[in-house]
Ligand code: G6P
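In the block that follows, a single chain appears as structure tokens, in the form predicted on its own.
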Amino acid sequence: MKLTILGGGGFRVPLVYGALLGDRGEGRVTEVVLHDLDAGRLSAVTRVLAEQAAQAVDAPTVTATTDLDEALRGADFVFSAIRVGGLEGRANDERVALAEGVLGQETVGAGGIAYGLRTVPVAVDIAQRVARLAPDAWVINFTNPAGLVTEAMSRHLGDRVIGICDSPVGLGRRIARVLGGNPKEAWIDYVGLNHLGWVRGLHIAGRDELPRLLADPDLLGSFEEGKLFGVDWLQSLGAIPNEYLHYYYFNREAVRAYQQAEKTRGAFLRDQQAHFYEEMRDPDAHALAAWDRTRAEREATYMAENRETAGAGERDADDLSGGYEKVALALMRAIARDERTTLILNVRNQGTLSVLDTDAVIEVPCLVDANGAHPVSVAPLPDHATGLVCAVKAVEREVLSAAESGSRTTAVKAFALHPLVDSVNVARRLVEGYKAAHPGLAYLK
């Protein structure tokens, strides 16, 4: 089975390959094709994968190419993890927004809109090529903003594109662990959009154990989200929010922390990864060891400003392992082998949430089999969550419209309607600031 990885020179690709190395089942991935526009980054990552393969038996073959059509032909699965504009683009997203006093995070608020505006046209082109060159392939999208990009691609690929994210998986794992349950056996009642969802129940052996967690302040305050949001707020909500909702519930504090930070997250990762890729120019460097060191630092500093604002302290060791590669592998296995499983995924609504239309991409538990991912019916969201979900989905639709039409006016509307942008005039300045920073937004007229 052939897996094509778009963004194949990306830093986290070895996580995906490492997961593949542990799969010994029939119908497993035997061929991996890496595609990237940067040949130097491709070479660096290929070296890391070669060292990983040297420690395994019968590892999948790896080839690399800068030709997108060549990479796509004959693919059974396409894993999309591109970053349009690179980490320099992410750093600029943060810088422009913070100069206006609003959040510049890569998937939330102004930064997420800017990232979406320059990514959607590229993602649509990829979707159209997949439909033409590999019509039977399944596309697994990890490109951020994941929900928005998945919805853009679904207009050309239908349900054959599925978005993944490790954030809900990590949240469910932490809650189950605190409650003394096995995360693999727990049913997680989670619903929302990507980076905008809530756990409303966690069932172990058929019993919802979330009320027990919410009623115990010591237990509730013992894990990442309890420390991040605070016990009182979680008890008020009666649910456990995705960590990215910290940007909404504590927006003023988050913006101030980012403004006061020595470097934004994007600038930190840009410099950190530049050092890694520079190190890989040395043909004698130990690629896997260098990658491991860099990854450990990356994971340990994740959402550092938010945790500092909340006084949450360092991340627990168990939360440093990510997890999106495991979701990707489980998804591929379920489809390729009809190994039925349940995963939290980004898929078209299909009537699951009555407040959104059928084609809106949402993030919910799905039953996955050889025919793809099927969203599970969920209870309606409470009013406060419904308001946020509908508002952010409306913004996503304006981003898609602006990307399709090239309308600057529609782009301004997208920024102005976002709950974390507080003025139409700010929205206008954001559009001009982002157009100046990103040549890829020159299409907005």
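Note that the structure is predicted; figures quoted are calculated from it, not measured. Residue indices: 1-based, along the sequence shown.
Not pictured, yet referred to below: the form predicted together with the ligand.
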One residue of Y244, W187, W138, F250 in contact with the ligand, assessed in the model of the complex (non-hydrogen atom, 4.5 angstroms): Y244
Which one of R173, K326, R265, R118 is close to the ligand in the model of the complex, taking close to mean a heavy atom within 4.5 Å? R265
State yes only if every one of S154, Q350 and R397 has a non-hydrogen atom within 4.5 Å of the ligand in the model of the complex; otherwise state no. no
Only one of these stretches, 352 to 360, 163 to 171, 129 to 137, 199 to 207, has heavy atoms within 4.5 Å of the ligand in the model of the complex; which one is it? 163 to 171
I'd like to know whether T294 contacts the ligand in the model of the complex, with contact meaning heavy atoms within 4.5 angstroms. no
Heavy atoms within 4.5 Å of the ligand in the model of the complex: does R298 have any? yes
Exercise: V84 in contact with the ligand in the model of the complex, heavy atom 4.5 Å: no
Using 4.5 Å between non-hydrogen atoms, is L269 touching the ligand in the model of the complex? yes
Quick one: which residues from 10 to 27 get a non-hydrogen atom within 4.5 Å of the ligand in the model of the complex? R12
